[in-house]
Structure formats: C-alpha cells, structure tokens
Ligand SMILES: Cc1ncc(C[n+]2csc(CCOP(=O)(O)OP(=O)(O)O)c2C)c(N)n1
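What follows is one chain in structure tokens, specifically the form predicted on its own.
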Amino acid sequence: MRTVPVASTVPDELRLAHLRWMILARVIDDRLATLYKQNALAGSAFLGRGQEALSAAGGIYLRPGDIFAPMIRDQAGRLAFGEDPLDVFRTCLGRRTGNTRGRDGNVHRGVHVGDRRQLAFISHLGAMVPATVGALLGKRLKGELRGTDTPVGMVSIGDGGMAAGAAHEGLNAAGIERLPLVVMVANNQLSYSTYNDRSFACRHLVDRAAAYGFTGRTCDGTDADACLATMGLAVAAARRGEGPQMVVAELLRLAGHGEHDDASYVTPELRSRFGDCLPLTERTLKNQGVIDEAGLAKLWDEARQISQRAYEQASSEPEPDPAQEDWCAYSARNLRSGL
C-alpha cells in the first residue's frame, strides 16, 4: 500500500480545471435532484455529492484512446473525460436524441465518439470490471498496448461492488495479464445501507491489491489535491506498462443511494468523520491564493449557464415515438445499414 505525499505535486492549472469539473458536476446533479422531485426524470437520480474530487481526478487524466467505465456517481469523471452536458439531460429526460434513444435508464448512457470511449454502465455490481478488462484485451490483440505510453482502461467501483464475483474475476484476469487497468475505488463506507464491517473482513480494501498483482494506493477522497496526485501516479504507472493499479479513496456519499433513499441509516458519528470535498477544495485554493471569491463566483455562474442551456435544449427535443422508433440493438442496426 502506498500513500502519496501531495505537497507541491499538482500544478495550479490542473487544480483549477479539476475544481471546474467538480462544480459543473454538482450543478448538474442538483438540477437532476430537482427534476426527480418534479417527476420529470426517466428513472431515479443518483448523485455524486461528496465523491466529485475522486471522480473528476480520474476522468481528468484520461485522453482519447483510453477507456472509461464510470459508475452511477461519476458525473464529474464523465464530464472531465469529455461527456457533453447536453447528452446528460437528453438521456435523463428520456429524449430520443439521447445516447440510449430514450429507451434505457439514465445511468446507462455511454459514449463512443471517435477514439473516446466511455462504456455504458451495467447495473450489476462489479460487471464493469471484466467489461473494461475485455476491452483492454481487445486493444492488445489489435497491437495498441505497446511501448511506454499505452492507452489505459479506468473502471470506477465502490466498496459494495468490490464484493461481487464479477469484480473478482475481472481483477484476477487483469493481474494475470498485466493490463494497463486503473481501478478507482470509492469507499463511501456504505454498500447501500450496509456498513464496511459487514462488507469486507480485511483491514482496508487496498489490502486486496497485492493479492491480485496490482499496485495499491490510498488517498483521502475529500482532499482534491490528494485525489489528483494519487490518481495521476496510478494512471502514469499504468501507461508506462507497470501493470494494473488500484486506488482506494476514503469518503462518504453525501446523499442517499439515490434520491428515492433518505439515507436515514447513516449515523451522526459517520457523518462527522467526513467533510464535503467541494467546499473543502474551494477553501484550500482560496487560502493558497490560487483563486479568489470573484473567480469562484465566475466558475459557479459558468456552470449554471452550461447546465441551463443543456437542460433547455434537451427539454425542447422530442420523446421517442414507439410506433416509429427503431428499437433494435445498436449492433443489429449497424449490420442492416452495412456499417
């Protein structure tokens, strides 16, 4: 297990870009929470409050050619990897212009544009690990995983998902094959409503890394600089061909499992152990002179404008018409069209 020192390791420009994605994710999540209460969403709302620092730190290091498999609380990472906010609202509002053409749950959206590949989320816990491993093996077969600057695959998972059999199979295969996989584990202390002491018996989830043949690192998931420094080292090591990496961040989701869940099972003692990463980041950057109040206000204003424009455009677009919509599988449609 490696704990990364964070002092003077992250450039201010990257820290500000990271904060921007965190703020935009929070603004979009807040709008989705409101829409859920208005019964306007195609499904529930799953919010990343409290997990933005880790999620954005993962997405910000990815580049075209990489693979990202986000989870339901990874709005910040999705945005940092290039997801368009318009696609978020199109899918969440069930519009036929969305990536799922209005036919699937709002967390299942994925993007494959050019060489930017964000896998569509599979609800079954742990399933995204073997999916990402399979995509990396496909890249290896095509000769794309060579040299010391290789594409990487990043998969996001929680403490609950780490107990799934599919996760074990994927991690085991990644270790054996020495794939450039980065596993970003958000230990948000709760597998829905089950606490860590009933989810795993090891002292810390990162203890599993060595057993799978991974390099393991830990960080404070409420500390943006720690998340940036740790994820940066993990991604760089995977790119250099140093084998699979695991980063376990300690944090707390600051909402229920979804907006349908009031999280009444979270004790005051647990809440008191973890802060909100977003105001903590703002305070740190202000105290260090990286940004001032005017700069922060500008970031929030820009985020609200981006979210509002995307929402308004998506709202004006049509819902699917079952009588006319092509509901067939994407691959089948491509085969018929000769693609």
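Position 1 is the first residue in the sequence shown; the rest follow in order. As the structure is a prediction and not an experimental result, all values here were calculated from the model.
This protein has a second form, the form predicted together with the named molecule, left out of what is shown; the following refers to that one.
Chemist: The named molecule is absent from this chain, but in the predicted complex, do Arg20, Pro85 and Ala303 each have a non-hydrogen atom within 4.5 Å of it?
Modeler: None of them does, since no heavy atom lies within 4.5 Å of the partner.
Chemist: At the 4.5 Å heavy atom threshold, is Ala226 in contact with the named molecule in the predicted complex?
Modeler: Looking in the predicted complex, residue contacts with the named molecule do not include Ala226, since no heavy atom lies within 4.5 Å.
Chemist: Can you tell me whether Thr267 touches the named molecule? I mean in the predicted complex, with a 4.5 angstroms heavy atom cut-off.
Modeler: No, Thr267 is distant from the partner.
Chemist: Is Arg117 close to the named molecule in the predicted complex, meaning a heavy atom pair under 4.5 Å apart or at it?
Modeler: Flag for Arg117 set to no.
Chemist: Does the named molecule come within 4.5 Å of any heavy atom of His124 in the predicted complex?
Modeler: Yes, contact at 4.5 Å.
Chemist: Only one of Pro130, Gly243, Gly94, Gly160 has a non-hydrogen atom within 4.5 angstroms of the named molecule in the predicted complex; which is it?
Modeler: Of Pro130, Gly243, Gly94, Gly160, the residue with a heavy atom within 4.5 Å of the named molecule in the predicted complex is Gly160.
Chemist: Going by heavy atom distances of 4.5 angstroms or less, which of His257, Arg101, Arg208, Arg109 would be at the interface with the named molecule in the predicted complex?
Modeler: The option sitting close enough to the partner is His257.
Chemist: Using a 4.5 Å heavy atom cut-off, indicate which stretch of 231-239, 216-224, 138-146, 182-190 touches the named molecule in the predicted complex.
Modeler: This holds for exactly one stretch, 182-190.
Chemist: Under the 4.5 Å heavy atom criterion, name the residues of 52-73 that approach the named molecule in the predicted complex, in sequence order.
Modeler: Result: Met71, Ile72, Arg73.
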